[in-house]
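Considered here are two forms of the same protein chain, supplied as structure tokens in two stand-alone entries, structure 1 and structure 2.
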Structure 1
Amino acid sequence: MDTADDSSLGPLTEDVPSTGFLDDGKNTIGSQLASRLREAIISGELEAGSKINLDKARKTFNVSLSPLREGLARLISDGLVEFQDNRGYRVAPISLANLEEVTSLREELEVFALRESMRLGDVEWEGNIMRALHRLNRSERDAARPETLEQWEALHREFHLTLISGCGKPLLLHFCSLLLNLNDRYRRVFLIRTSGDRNVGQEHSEIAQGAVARDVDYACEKLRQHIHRTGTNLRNHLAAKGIA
């Protein structure tokens, strides 16, 4: 039980959006690998805690060691990969404790960032929220079609990041983005569909409405509850699968 089952990881063919020009920094093999691996980990394609064998990965992706290490190194910053000298890389493990920390820190940091955004955000920020909300609410999650799940996840992530994008604190945004990554991995791996007693769409709407209306206490409390509920929900799913 040492090596990840990477059977379904095809060779990398990054889907460049072909917006025409403007090199947005996904050019090197190392970068493409980082994206590919990030997706593989968050989606659960690479099992949490499993060792990443460099030689096998090299063959799987048809690359040399250098860009492979490069890509993996970046995922360390994301908290998705762990590393030890002379022992190589492994997919960051998951645990109840980790999930609870991620949830707790999201409540603390995302709410703080939302508060700051409401203090500092301008009209463009408001507009971005409404757009992100609309796109998210229009998106459908069909468990039968994985690509819709991926799409929803991307829009959901986008919504949460947009909410706090007005805070003017790059480091804080970075931390939140990181926590969101970790959180999304739990959802994608453990949550096929959201629990029945929630209307997640409405929760998002309430947060967004409160934010643009600058009702600080309301919006922050709604966001906190939203995060907390997701945490509780996920915790139950982890417990059901016997994960400590």
Structure 2
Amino acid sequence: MDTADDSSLGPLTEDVPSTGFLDDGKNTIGSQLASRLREAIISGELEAGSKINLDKARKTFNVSLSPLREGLARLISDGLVEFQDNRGYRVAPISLANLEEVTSLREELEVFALRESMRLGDVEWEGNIMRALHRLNRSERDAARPETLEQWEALHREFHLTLISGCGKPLLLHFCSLLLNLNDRYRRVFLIRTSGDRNVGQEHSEIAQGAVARDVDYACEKLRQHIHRTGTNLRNHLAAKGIA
């Protein structure tokens, strides 16, 4: 059944206002709900494997079941939510196998998208990369102040998507965006309070500078290494916590 245990939405019941979702013709209530739930899953606010209680969610967001189901359907296609007959909706579980698949696919698709962007991107694309890099490098990330973490995460995502935005392939960009969401779900939960074992800011700068210089092999290899090292760090964190 969809209306099982009361723990399904966790802190969302405290943080989300009962109103505020309006269909403006561009962003339906379902799409707005999907965005809110997507962020809750990626940030770890909704735990992996937890049940999503439709009745509780409907009351929490003050919406009908129709837009709620629409939003959840979007998250199923994103790989963040699962649905099973007679068991309802659950946040997709995490695993080493899933992380390794996401990492390997990012290495292939994101690097290919960067290569295509360097082939097709214009001067505006180059400028967008350097602006995104500047904003990211100027953003503070302090584990003691959660608001800085949220801002850094948003700018980090913007930088990675801007890098590949010149590829001219909408489907490829869509797939890369989905993979980045799935990857960020692991990274934000397991690396959020660590300083890392490398200079991430320098890595971002090297990738960006190589991209705008159209040094294809250099920029693509730097991006591949960047993604791979993050995946390795995450795999070690999951293994240390006994996650198989």
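Take the two forms, find the largest set of C-alpha atoms that superpose within 1.5 Å, and that set is the rigid core. Reference numbering: structure 1, starting with residue 1. Quantities reported herein were computed from a predicted structural model and do not represent experimental measurements.
Visitor: Between the two chains shown, which is the form predicted alone?
Guide: If we ask which form is the one predicted alone, the answer is structure 2.
Visitor: Align on the rigid core first; then say whether the Cα of D122 has moved by at least 2 Å between the two structures.
Guide: No, shifts by less than 2 Å.
Visitor: R87: CA shift of at least 2 Å between the two structures after core fit?
Guide: Yes, its C-alpha moves 2 Å or more.
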